[in-house]
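Shown below, as C-alpha cells, is a lone chain in the form predicted alone; questions about how it binds or moves come after it.
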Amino acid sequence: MGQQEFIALILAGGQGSRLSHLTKNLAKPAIPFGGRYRIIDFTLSNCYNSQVATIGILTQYQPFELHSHIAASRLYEGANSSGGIFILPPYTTDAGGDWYKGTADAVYRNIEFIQRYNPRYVLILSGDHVYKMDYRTIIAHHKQKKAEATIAVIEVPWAEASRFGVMTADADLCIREFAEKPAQPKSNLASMGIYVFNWPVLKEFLLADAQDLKSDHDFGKNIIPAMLQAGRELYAYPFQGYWMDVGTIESLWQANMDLLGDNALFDLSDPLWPIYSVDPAQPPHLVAGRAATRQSLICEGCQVYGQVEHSVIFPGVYVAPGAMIKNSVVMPNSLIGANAKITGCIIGCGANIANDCEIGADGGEKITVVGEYAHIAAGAKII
C-alpha cells in the first residue's frame, strides 16, 4: 500500500466519570450536544473538512451507541484500501486480552493499522472536544518548524489550568517544559489534546513506553515528557478560536449555552465549515398554544406548549402547557410535564419530568443533572 502523508487517530474510549449519570451507559464522545449532534461529530467534521483521508477511531467504554452513530453518519461512505473510517476497539491475538491501558497504549496496540498506510505524520485527536479546526494548518506549522512533535495549545483561565497538561514555550514556540495536570501550574498554556507526530519518532517512543512496567502509557504523563527529556524537537501550535473540553457537567452545560444569543461564542451555522451528523428524521418542531420561546435552539420533532428561554432542546422533546425551561439542556425524547420548572439543568435522554416539578436553580453555580430515562414524580423538588 502506498504512503499517505498523514492519517488521524481519534481517542474515543473515555468513560467520562465526571459527567455523572450522563455516561452511565454512554461513551463520552457519544453524548448529545448542541441540539442535533454528538460530541464526536465535531472532531469527525473537522477531519472531513480538512480532507483527512484515513481515520481510526479508538473506542472502548460503552461503545455500542457510538459505533451505531458513526455508522449511520455515512460521512466517509465506508472504508476501503485508500482510506475511510475504521473502528479500532481493543483486541488481542492471545487469550486473555484486556482494555487499552492509556492513550499511548491505545495507539501502540494499533501500530499494525498505522503501518498499513506508512504515513509521514500521525495526527492524534480527542473525540470529546467541541471546536472547529483545519488540521492542515497544524500540519503545515509542524513542517515549517521542522518539528518531531507539535502540540496544539490554547490559553485557559489560570483557575482551570490544573485540569490540563500545561507547557512553557520560548519565543519560537519551542516547548521547554510540560506538566500533566499540575497542582500548581507554571503556565496557563494548555494542551488541547491535539498532536502531530513524525510517525517513525512516535513509533520509537511507543515501543519504548510499552516495555516500561512503571509507565501509565499516556501521552501527557509519559510520551511527551520522555521526548522532552530526550531532547527531541517539540513545538506548540497556538490555536485562536473557540474550544471546549466538555469533560465536566459545568463545561458541557456552558458549551451548550455558548451556542445561544445574538452574539453566540460558537457558531454552528458557518456554511464554510459545516458540522455533520445523523439526520434525526423527525417532523418540523411545533410551537403552539400559548407557547413562547426566546434565544433557544428548538430541534426537529419537538412539541412546545410551554415557555423555553435560553435553552437547547433536542429532537422529540415535549414541553407541556405551563412548563418553563430556562438556561437548560433537554436531551432527546424527554417529556416536561405541565407547570414544571426546569432551570439551570441538563435533562438526559428520554427523561420523564412529571407535572408541577421544580428542578434546578438559576445562577449557573451548580448544574442539576437528571439521568437518561429517569422518572421524576409529580411535585418533586430537586435543587
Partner chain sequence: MIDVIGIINLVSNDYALGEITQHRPLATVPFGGRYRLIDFALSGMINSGIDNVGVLVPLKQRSLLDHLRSGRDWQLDRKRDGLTLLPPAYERQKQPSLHEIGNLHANLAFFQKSRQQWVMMIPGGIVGSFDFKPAIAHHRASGADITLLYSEQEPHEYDCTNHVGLDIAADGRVQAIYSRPTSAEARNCFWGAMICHKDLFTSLITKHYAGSAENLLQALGQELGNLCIKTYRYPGMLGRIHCLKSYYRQNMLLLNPETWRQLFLQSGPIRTKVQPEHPAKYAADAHVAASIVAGGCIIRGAVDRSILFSRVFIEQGARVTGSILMANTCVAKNAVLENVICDKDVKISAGRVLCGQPDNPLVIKKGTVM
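Positions refer to the first chain, counted from 1. What you see is a predicted model, and the numbers here were worked out from it, not measured in a lab.
Below, we turn to the form predicted in complex with the partner chain, even though it does not appear here.
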Open item on the list: Within 4.5 angstroms, counting heavy atoms, which one of the listed stretches 158 to 166, 255 to 263, 200 to 208, 223 to 231 is next to the partner chain in the predicted bound form?
Closed with: 255 to 263
TODO: Could you spot which one of G289, P238, P182, G84 gets a heavy atom to within 4.5 Å of the partner chain in the predicted bound form?
DONE: G289
Open item on the list: Which residue, Q144, Q295, N118, T137, is the contact with the partner chain in the predicted bound form, using a 4.5 Å heavy atom cutoff?
Closed with: Q295
Open item on the list: Is S126 part of the interface with the partner chain in the predicted bound form - any heavy atom within 4.5 Å?
Closed with: no
TODO: Tell me, yes or no, whether G34 is in contact with the partner chain in the predicted bound form, where a contact means a heavy atom of each within 4.5 Å.
DONE: yes
TODO: Please check if T150 has a heavy atom lying within 4.5 Å of any heavy atom of the partner chain in the predicted bound form.
DONE: no
- [ ] Determine whether any heavy atom of S73 comes within 4.5 Å of a heavy atom of the partner chain in the predicted bound form, and answer yes or no.
- [x] yes
TODO: Any residue of 151 to 184 with a heavy atom within 4.5 Å of the partner chain in the predicted bound form counts; write them all down in order.
DONE: none
